[in-house]
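Have a look below at one chain only, the form predicted alone, in structure tokens format.
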């Protein structure tokens, strides 16, 4: 493949801990996935182990990755439309407790607002206009949403400010060594998260030859400054294109989160802090449990 590497391209595959060095105290990070699918959990657990502080987390439709980072003391602000586990927990228990105590701030948006904010950042615009939310209490909940009159038609609109990210953490089932990703399905808002970020850390299950990527060019996502991290089964306990979500594990986490800080700390020690890497985490979960999730 030496010829394929010429022309300015270079491999961007990195070890997980090395790739996460771009996530520093006070950073604004975006986390991909949606509800119970496609969250880059191996990266999230890596951040929690590193003990990064004062993060602003943009999670369009977040789940236990937000709860986990809050429990690890990493988060000061959450930006997004939802944090929960669908039928398992309507609202993330750790997230709820932190917001009620005032230890974590929330920037209220709906999903369309998140999408517009990411798109504005990707286009290097200060904001994009949107009708959704006009006449509602959203501007009171989030003063960053500014009502204005369209200068062309005079219609009332909201200005949705750009959501500029320092780092986006996203997942794809496969990518090549140059960072060309091909997620199964839509990839949710991951493409926009990457486009809105200065740097991208891409978690994948498999690194494949560029020739395999070229077979389906229409499926490809690519960002300008990307590190690729191989982490098989790394979305666990969430689903991806090859495995279902581990509902029992999600329930176990939520039960611990509802019990309180002592139970959550025990979960963190067992599944995050004492598991030095993704392989150690998978050993703790167990091969039989993991293979039972394959589709």
Partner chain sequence: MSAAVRPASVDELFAILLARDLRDDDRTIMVGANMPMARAAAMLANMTTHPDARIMIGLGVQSLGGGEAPAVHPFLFDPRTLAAETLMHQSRVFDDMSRPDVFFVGGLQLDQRGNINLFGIPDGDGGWKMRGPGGLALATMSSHCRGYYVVMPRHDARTFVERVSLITALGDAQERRRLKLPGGGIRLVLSPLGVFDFDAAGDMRVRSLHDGVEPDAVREATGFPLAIPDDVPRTVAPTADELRTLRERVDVHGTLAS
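Since we're looking at a predicted model, the values are computed, not measured. Positions refer to the first chain, counted from 1.
Here the subject shifts to the form predicted in complex with the partner chain, a form of this protein not shown in this document.
Not one of 9, 43 and 57 comes within 4.5 Å of the partner chain in the predicted complex, counting any heavy atom. The closest non-hydrogen atom of residue 223 lies beyond 4.5 Å of the partner chain in the predicted complex.
Remark: residue 232 does not count among the residues lining the partner chain in the predicted complex, judged by a heavy atom distance of 4.5 Å or less. Of the heavy atoms in residue 227, none are within 4.5 Å of the partner chain in the predicted complex. With a 4.5 Å cutoff on heavy atoms, residue 182 does not count as touching the partner chain in the predicted complex; it lies far away.
Comparing 202 to 210, 126 to 134, 163 to 171, 68 to 76 against the partner chain in the predicted complex, the single stretch with non-hydrogen atoms within 4.5 angstroms of it is 126 to 134. When you look in the predicted complex, the only residue of 156, 151, 217, 143 with a non-hydrogen atom within 4.5 Å of the partner chain is 156.
Residues of 208 to 243 placing a heavy atom within 4.5 Å of the partner chain in the predicted complex, in sequence order: 239, 240, 241, 243.
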